[in-house]
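The chain below stands alone, shown as structure tokens; this is the form predicted on its own.
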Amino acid sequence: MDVVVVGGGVVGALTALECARAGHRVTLVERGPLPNPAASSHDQHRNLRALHPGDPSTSLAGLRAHEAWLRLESVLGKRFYHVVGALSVGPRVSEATAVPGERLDSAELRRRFPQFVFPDGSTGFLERDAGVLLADKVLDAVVAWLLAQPDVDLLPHNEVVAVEPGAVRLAGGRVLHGDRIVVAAGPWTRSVVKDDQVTVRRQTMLYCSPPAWPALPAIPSLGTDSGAWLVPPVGGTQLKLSADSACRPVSEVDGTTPTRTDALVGLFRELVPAFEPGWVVGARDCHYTIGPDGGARLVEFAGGVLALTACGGGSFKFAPLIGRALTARIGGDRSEPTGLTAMDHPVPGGDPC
């Protein structure tokens, strides 16, 4: 089939890759360059963990994502996944789980990770099959692979103004036709496809260059009420710090200067005793969207249009599964799980705008 994919971030690019591998003819449209440094998925790195306390199905999907990223490295012939493990700290992380790893009581947690101040009584779980994805290197590798495919057309610097059954209209007046259309333009999706149930959020992150930093796992949760987390420096990247408290709803995607930098500096001065404000070499705000349940949202429109209107903030690590699942649905198979519950049970939609 002829498939048009709108959005060149990690989900759109990997959906294009999976469609091409399945034998479809693919056109990938992106509003900026490919890869686009302004895309929410374009970053130095991202945590990949499987453990989701109290959610065994998503935890199992995390394990599938781990395997999927290793396979993708093989397909692309590039290394961008550093399997350094992942440490989650919190009240429920010691519950029974199928995720391979090691449970740490409060004393062991403090002995193994003296760099941090954990809440009293904290327990931890150290995953084995988890780590850090070098996000920008992922996008570079996927775009290079797509460029080499004879049945893939890449259209950077083309803004999509409307999606209709079987057609995508570009700002310059050109119309692209496809048997199936996938809209995965991140937080910009809602400007192309009408979905009033989606909320945009803005997240501030700090990038740091400490004088010395030990080899540590990814830490998706430090167990604090603020939801503090960090991505360790691997493969030449910087230390990245942020927290759920630095995420807030906004009315639209814009380039506003980060506004939570000072709050994050104050937070991590309490959590990391060695932390100095001079470590901070940069800050960035990124945007993502959530559905009404706080997670991802896939809307199926008439005329063969699939729109990922909300990524839920966790779509990067699940992107290989999402791309495979969307490709399967293009072929009529709805059994391939994505790892995102809201996407595995899509909401019927109306007509795209």
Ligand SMILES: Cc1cc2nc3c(=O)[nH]c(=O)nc-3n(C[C@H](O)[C@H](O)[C@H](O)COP(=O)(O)OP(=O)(O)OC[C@H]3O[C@@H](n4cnc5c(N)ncnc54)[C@H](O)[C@@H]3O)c2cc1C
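Note that residue numbering begins at 1 and tracks the sequence as displayed. The shown structure was predicted, so the numbers you read here are calculated from the model rather than taken from an experiment.
Not pictured, yet referred to below: the form predicted together with this ligand.
In the predicted bound form, Val10 approaches this ligand with a heavy atom inside 4.5 Å. Shown alone here, Lys317 lies within 4.5 Å of this ligand in the predicted bound form, counting heavy atoms only. Residue contact with this ligand in the predicted bound form: Asn36 places a heavy atom within 4.5 Å of it. Using a 4.5 Å cutoff between non-hydrogen atoms, Leu326 does not count as a contact of this ligand in the predicted bound form.
Shown here without its partner, the chain carries Leu87, Pro217 and Thr237, none of which come within 4.5 Å of this ligand in the predicted bound form through any heavy atom. Think of it this way: in the predicted bound form, this ligand has a heavy atom of just one of Pro53, Gly304, Gly313, Gly291 within 4.5 Å, and the residue is Gly313.
With this ligand omitted here, the record of contacts in the predicted bound form names 197-205 of 197-205, 111-119, 173-181, 97-105, defined by a heavy atom within 4.5 Å. Contacts of stretch 36-69 with this ligand in the predicted bound form, defined by any heavy atom lying within 4.5 Å, are made by Asn36, Ala39, Ser40, Ser41, Arg46, Asn47, listed in sequence order.
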